[in-house]
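Presented as structure tokens, the chain that follows is alone, the form predicted on its own.
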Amino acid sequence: MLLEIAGLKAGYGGVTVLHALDLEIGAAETVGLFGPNGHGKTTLLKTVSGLVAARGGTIRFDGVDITNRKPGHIVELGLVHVPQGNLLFPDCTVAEALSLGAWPRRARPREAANRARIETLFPRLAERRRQKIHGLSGGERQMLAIGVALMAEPRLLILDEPTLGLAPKVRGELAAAITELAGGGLPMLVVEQDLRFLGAVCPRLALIDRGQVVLEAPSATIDEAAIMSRYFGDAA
């Protein structure tokens, strides 16, 4: 297994959010993660990437125990997290942001090749190389955030709600790009509320409820209507 999470506990202050959570991701596997708001999806991603301290359990990446390692060390190993909110430096240009993404030592020798690959995947970034990030649209900033992560040559890419707040056309472009990356063998863990989007790009889905994975199944077998009704309060 590429990522092995066993008995993971984490939270904030006096509140525990993750309750002995278990999850595994195999090499070259793309897994979609969904569930009600406030039940631990983002906390899980932050704990895996070293941004939130684990209170129990273990996280192993390609056989290495990374539980409570520093985020920089985790990135150097090849686990790269794209958080919600396009957390990019607004006064950087697109080209400068991509260069910053090549910070890990393992990625520096292939910076030019990775940049060319990313600009092929997201042609809008090539068109806006000299533009500052604060002038980009929401969709373009999300493409750039993923591009910056790809510059680090991830061995596992974690995406937290990559289509949040985006128009349907842009969601479609991102779905196509994520599918292309997965088809090229890049393992991914993708968090999304849009089950149709998630099912289209992830062969396997996992449902988080109250800080635990309560369901894992092939995306083709997930009953979307039943899930929406049970966990998201569908009025139907």
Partner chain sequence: MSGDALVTIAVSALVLGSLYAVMALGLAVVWSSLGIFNFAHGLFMTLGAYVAWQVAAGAGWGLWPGIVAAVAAAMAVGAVACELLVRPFLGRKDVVLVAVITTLAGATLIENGVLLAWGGRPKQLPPLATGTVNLFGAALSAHEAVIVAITPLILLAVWLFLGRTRLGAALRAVAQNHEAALLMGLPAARLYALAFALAAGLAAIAGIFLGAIRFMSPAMGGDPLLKAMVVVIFGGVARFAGPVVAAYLIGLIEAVSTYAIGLYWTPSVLFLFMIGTLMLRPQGLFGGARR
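Numbering follows the first chain given and starts at 1. Everything quoted here is computed from the prediction, not taken from an experiment.
Only in words, not in the display: the form predicted together with its partner chain, which the text now covers.
Establish, in the predicted complex, whether Leu51, His81 and Val148 all lie within 4.5 Å of its partner chain, using non-hydrogen atoms for the distance.
Checked in the predicted complex: all three residues contact its partner chain.
Let me know the one among Leu121, Ala102, Leu77, Leu166 whose heavy atoms come within 4.5 Å of its partner chain in the predicted complex, would you?
When its partner chain is considered in the predicted complex, the option within 4.5 Å is Ala102.
Does Arg117 reach its partner chain in the predicted complex if we count a contact as any heavy atom within 4.5 Å?
Contact with its partner chain, no.
Though only this chain appears here, would Glu127 touch its partner chain in the predicted complex if you measure heavy atom gaps against 4.5 Å?
The answer is no: Glu127 has no heavy atom within 4.5 Å of its partner chain.
Given that its partner chain is not shown alongside this chain, does Glu161 nevertheless sit within 4.5 Å of it in the predicted complex, heavy atom to heavy atom?
Glu161: no contact with its partner chain in the predicted complex.
Does Gly135 reach its partner chain in the predicted complex if we count a contact as any heavy atom within 4.5 Å?
Outside the cut-off, so no.
Counting only non-hydrogen atoms and a 4.5 Å cut-off, give the residues of 86-114 close to its partner chain in the predicted complex.
Residues within 4.5 Å: Asn86, Leu87, Leu88, Phe89, Pro90, Asp91, Cys92, Glu96, Ala97, Ser99, Leu100, Gly101, Ala102, Trp103, Pro104, Arg108, Glu111.
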